[in-house]
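Have a look below at one chain only, the form predicted alone, in structure tokens format.
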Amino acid sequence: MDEQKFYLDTIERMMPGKREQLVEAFYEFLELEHLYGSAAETVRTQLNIYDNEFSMKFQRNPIHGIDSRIKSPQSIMEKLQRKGYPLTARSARQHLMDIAGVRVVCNYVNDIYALAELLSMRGDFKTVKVKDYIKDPKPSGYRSLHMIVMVPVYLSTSRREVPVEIQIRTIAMDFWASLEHQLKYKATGDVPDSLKQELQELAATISETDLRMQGIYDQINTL
């Protein structure tokens, strides 16, 4: 119950004097966490099915690794508060599309687009948004393919559609993104422009390496 007390104390600081309502809201957020966790697990299961199928048919695995995360009730409410939305589970469902996240790390660039296409073709998944930061990188140099997919979750008495943010990237892209994230949050002040430029150049180098590795793989595959 320490976790419950922590969350309730956090919420009460945001909305003082409404303890009873907050207890109810806390359990609604726990149900939300379960719902979105189930959606993320559905995506992971489908990705593993594709990976195993490729291994059986083509003797290779397109997926190097899969990771998932669910925003905590505290994180959800903090984001709702920043955006000026009501601090309720219903508000979170309406306004936040990144409560559930799945990160897929692939071996090659072509694997990214192959998996994205397979996910889009699944009949009960509905792709609602795609951002291709591989073809159009962020100013920082960040590269990845982002998808928001509505995923069905079958509960004991109902079927729910739940958004899951899926990020698909290569090993090299993931390596750069992880280090850039660490550096960004480690910095106590503004990062000098010279370092930002160097990070952009390294991102471009990594992207070129990805393309060269894809070319080598394609040539070997034709032998």
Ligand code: 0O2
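Residue numbers here begin at 1 and follow the sequence given. None of the values given here were measured: they were computed from a predicted structure.
Missing here is the form predicted in complex with the ligand; even so, the following discussion is about that form.
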{"item": "Answer option from Asp51, Glu33, Glu41, Glu180, heavy atom within 4.5 Å of the ligand in the predicted complex", "value": "Glu180"}
{"item": "One residue of Ser140, Ser91, Thr127, Gln74 in contact with the ligand, assessed in the predicted complex (non-hydrogen atom, 4.5 angstroms)", "value": "Ser140"}
{"item": "Stretch in contact in the predicted complex with the ligand, which is absent here, among 41-49, 193-201, 66-74, 156-164 (heavy atoms within 4.5 Å)", "value": "66-74"}
{"item": "4.5 Å heavy atom contact, Lys184 and the ligand in the predicted complex", "value": "yes"}
{"item": "Touches the ligand in the predicted complex: Lys83 (any heavy atom, 4.5 Å)", "value": "yes"}
{"item": "Contact of Lys131 with the ligand in the predicted complex (heavy atom, 4.5 Å)", "value": "yes"}
{"item": "Residue contact check: Lys79 to the ligand in the predicted complex, 4.5 Å heavy atom", "value": "yes"}
{"item": "Residues of 201-219 having any heavy atom within 4.5 Å of the ligand in the predicted complex, listed in sequence order", "value": "none"}
